[in-house]
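Below sits a lone chain in structure tokens, taken as the form predicted on its own.
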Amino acid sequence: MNEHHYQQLNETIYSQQLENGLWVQVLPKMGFHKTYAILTVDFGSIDRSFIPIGKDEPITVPDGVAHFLEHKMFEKEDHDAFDLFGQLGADSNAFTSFTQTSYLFSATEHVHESLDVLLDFVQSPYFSAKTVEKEKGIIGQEIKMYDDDPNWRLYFGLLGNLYPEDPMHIDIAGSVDSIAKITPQDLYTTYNTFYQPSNMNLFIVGNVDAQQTLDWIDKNQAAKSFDQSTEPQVEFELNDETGGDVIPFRTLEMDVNRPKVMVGVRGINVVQSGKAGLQYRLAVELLLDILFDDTSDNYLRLYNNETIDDSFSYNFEMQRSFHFAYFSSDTDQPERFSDEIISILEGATQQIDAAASQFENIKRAMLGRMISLLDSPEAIANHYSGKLFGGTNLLDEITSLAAVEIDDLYKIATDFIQSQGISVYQIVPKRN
């Protein structure tokens, strides 16, 4: 068992890779009542083309398979995993992103039994033609519900501008038409390829003893047999690495009262993996806080001249193979909003100069928010990066952020914000 002590934060993370390849991390928080565990598979919605395990030729499965698989994993031939968690008093859930699928539970008692349920239901697939057909109706309703959500349409509309020929512009759940093509064999093929223990990690945080918890998991895994692990071979390349395919502007009419606008920046540069990638992500987030935090001069000016209102938000997403930032607001001045945001982004270097005196305060505020997350088992576990940033976690993020200096931001601004990567998507009220 490996032990990593974070002296400044007085926290220790214990880790071990089991014989079958499953990577396990445990962060004991003895003063906590709740324990939270999350089991993540390195497989998401963009991983639709791959070489199936044991085969030589790549295949492409229908859009939405990763999400469909997540739904179906809970249901077994004679029981439902949700019921087992409920009998133990544990709360369980799951989610799928572009690049990962995660299964989780939180509990204040019966942690050992809940860990067994988590591992058992994720490692015991059961898909029948009848239950797969039934699920198509359930997920189809979910897709239609999101089709009516203007904020969801705004987000994927922008992704359609930034990545028009790449799978990131496709809804994670797929479409009604694509999920209609999913078969039990598709699910077994993707499951067998990606749901190998060596392609998973398990993070547990809460009122647990590290050695005892690792012993529980080791015993569970030792009682099962797995095929020899093979690293999944995903067939993924960006359509245009230069960003030459970015669509600068599109608009959509919907039943909304006020226009909604989103400005996006697609990262064109190649980002290093591991901790260097984490450092890059944190520096971009700090840069965006300097430019758009609600205490910044830019925010106050745009708010006071009614270009934005309380709905204004911004975010940076960095996942395997791609990264982008977006800025959105409801506004009666959609053109002015996009012009102002683009002007601020393209003048980022000058903006850093102007905000130099505020740099330390903004960084301390960001550090304070991250440190406050240490009180949340969910936040700690959900910040575990898996393979993306070399297995780093929230504690590593706090340490890395503290090392970012203002001089780092100038290069980050130049590397990340490039004009050919900027796009605007609007949703406007339907005309009568």
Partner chain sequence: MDFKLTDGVDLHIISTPQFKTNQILINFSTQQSEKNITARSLVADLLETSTHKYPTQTALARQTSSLFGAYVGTNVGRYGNLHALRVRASFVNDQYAVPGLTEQVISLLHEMIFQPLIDNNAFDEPTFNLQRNNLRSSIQALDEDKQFYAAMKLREIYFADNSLLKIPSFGRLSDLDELTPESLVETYRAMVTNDRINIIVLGNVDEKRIVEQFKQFEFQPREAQFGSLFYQQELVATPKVQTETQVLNQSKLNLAYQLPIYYQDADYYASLVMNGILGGSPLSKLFVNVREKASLAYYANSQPNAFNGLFSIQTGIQSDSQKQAQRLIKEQVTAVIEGEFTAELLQEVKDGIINQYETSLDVSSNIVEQVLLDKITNTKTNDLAKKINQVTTADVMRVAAQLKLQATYYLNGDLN
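Residue numbers count along the first chain shown, from 1. Source: prediction; values computed, not measured.
Keep in mind the form predicted in complex with the partner chain is missing from the figure; the text below concerns it.
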Would L367 count as touching the partner chain in the predicted bound form under a 4.5 Å heavy atom rule?
yes
Using 4.5 Å between non-hydrogen atoms, is V256 touching the partner chain in the predicted bound form?
yes
Is P248 part of the interface with the partner chain in the predicted bound form - any heavy atom within 4.5 Å?
no
Is L187 one of the residues lying within 4.5 Å of the partner chain in the predicted bound form, judged by heavy atom distances?
no
I have S229, Q350 and K411 flagged as a candidate spot, so tell me whether each of them has a non-hydrogen atom within 4.5 Å of the partner chain in the predicted bound form.
no
Only one of these stretches, 219-227, 167-175, 280-288, 79-87, has heavy atoms within 4.5 Å of the partner chain in the predicted bound form; which one is it?
79-87
Using heavy atoms only and a 4.5 Å cut-off, determine which of Q333, S321, N315, Q358 is in contact with the partner chain in the predicted bound form.
Q358
Would you mind picking the one in N304, S343, Q272, T242 that has a heavy atom within 4.5 Å of the partner chain in the predicted bound form?
N304
Applying a 4.5 angstroms cut-off on non-hydrogen atoms, the residues of 211-230 near the partner chain in the predicted bound form are none
